[in-house]
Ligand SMILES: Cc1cc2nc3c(=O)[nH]c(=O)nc-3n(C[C@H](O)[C@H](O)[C@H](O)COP(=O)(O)OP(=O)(O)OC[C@H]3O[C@@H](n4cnc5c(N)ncnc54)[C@H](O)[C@@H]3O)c2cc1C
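One chain comes next, on its own, written out as structure tokens in the form predicted on its own.
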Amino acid sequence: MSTYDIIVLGSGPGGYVTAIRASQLGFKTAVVEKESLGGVCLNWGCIPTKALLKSAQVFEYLKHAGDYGLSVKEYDKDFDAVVKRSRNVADGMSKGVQFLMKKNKIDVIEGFGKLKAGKKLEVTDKDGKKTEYSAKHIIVATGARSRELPSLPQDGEKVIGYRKAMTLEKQPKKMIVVGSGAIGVEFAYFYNSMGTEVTIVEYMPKIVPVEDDEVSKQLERSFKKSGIKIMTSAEVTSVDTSGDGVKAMVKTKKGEEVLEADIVLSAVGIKTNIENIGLEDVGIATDRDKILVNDYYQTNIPGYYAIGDVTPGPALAHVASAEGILCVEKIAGMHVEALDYGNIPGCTYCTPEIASVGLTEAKAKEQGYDIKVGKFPFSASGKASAGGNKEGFVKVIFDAKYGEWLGCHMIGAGVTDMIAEAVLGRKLETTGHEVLKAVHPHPTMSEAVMEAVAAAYDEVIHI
């Protein structure tokens, strides 16, 4: 039996990052993967979706070339080529992870892993052969998949999840997107840009429901302007796939109506991959589809840990990576601090992009803060005007008493690359006055952060 210091079950952005950090710390490390290195994020999520969205953005630029004083007489899209480019990007990233495994001397064990008592792991390969491995520490990082609703069973043809949405053989003329979280609005933007007629059905009263109210309203305006139909406080109660396309029964405050489309994309959240991996055999505690862990990702059974989407924290790639690094550093005896889940940035890559961290205005008031709020529109930004990206704004929220930066919410071009300033500022307990006195470069989109802070303190110059 092969023995390791650490075995990581799953090689997504949580798993492979954990394995690399473990190896750096001197542990003999292996990672077990049943499909492709990099997991869903690299192969079917974060990376290939961004490639699709970039193609959509370039296509949008071509459509509006005249706005930039350019004349493009003939242009068209090749849906197959767009999908192929996305797959090539994903394949390249997966190969990069393979290289990192070799570089860090990490053993890659291919197959389906199942936990056993006594810090053992049984791996079944594609031929059905079972091999047992042991380790001092076993870390579960098996991630999640598209969640299915009883009223919306996925058949992979007419009712699909995000994975199939990335590799459709033919572009649909009409699509219904159920759910308006990050996955839902990103695919809605992509398909609408490609020329598909898109309708979003959202159960909550607003789209991107976890975001600040003003951000949700701005995205709804932008989406409607681009031709996306939006139904909020609405629920798909059943689907009929017996005909050529699909008929979805949608319940709203006004009553029920039937929507017809070629395809329904279900983007209603995720389901963790915790079935059949031996949790019950080992006695590892779970609650509501999640593995229960402490601040350092230890389960209730010594020697077994869990990180990423299978645990109760936010299901985000960067969270999984941070959790994995913290987990193995704790195992190594390093001094580590528990992750601050109140300072995790969220990013959505539709156009306009959305990025946020900390409390929304409503949550800050709910928690009893006396607040200062500042907002700077990109319509007043020189860089945004020059780039033709005037939609959106930066909004900041501060505690009026101590100047603590409670939240930052952005919607506009490139804001997912800007939010880190707020994350770092909050980590360092930066006050509003300190942000104001940090000179921001001009002309950039990022100076809108400084201007929004200035607006909160009645010192704004450019509005």
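Just so it is clear, the model here is predicted, and its values are computed rather than measured. Counting begins at 1, following the sequence as shown.
The same protein also has a form predicted in complex with this ligand, omitted here; what follows describes it.
Although the partner is absent from the chain shown here, G15, A317 and Y349 each have a heavy atom within 4.5 Å of this ligand in the predicted bound form. Among the residues Y369, Y296, F112, F79, the one placing a heavy atom within 4.5 Å of this ligand in the predicted bound form is F112. Among the residues I160, V178, V239, I183, the one placing a heavy atom within 4.5 Å of this ligand in the predicted bound form is I183.
Within this chain, V328 is remote from the site of this ligand in the predicted bound form, having no heavy atom within 4.5 Å.
Under a 4.5 angstroms non-hydrogen atom cutoff, this ligand in the predicted bound form lacks F223 among its neighbouring residues. In the predicted bound form, this ligand sits within 4.5 Å of a heavy atom belonging to I277.
Residue contact check for A144: one or more of its heavy atoms lie within 4.5 Å of this ligand in the predicted bound form. The stretch that touches this ligand in the predicted bound form, counting heavy atoms within 4.5 Å, is 36 to 44, out of 36 to 44, 391 to 399, 60 to 68, 434 to 442.
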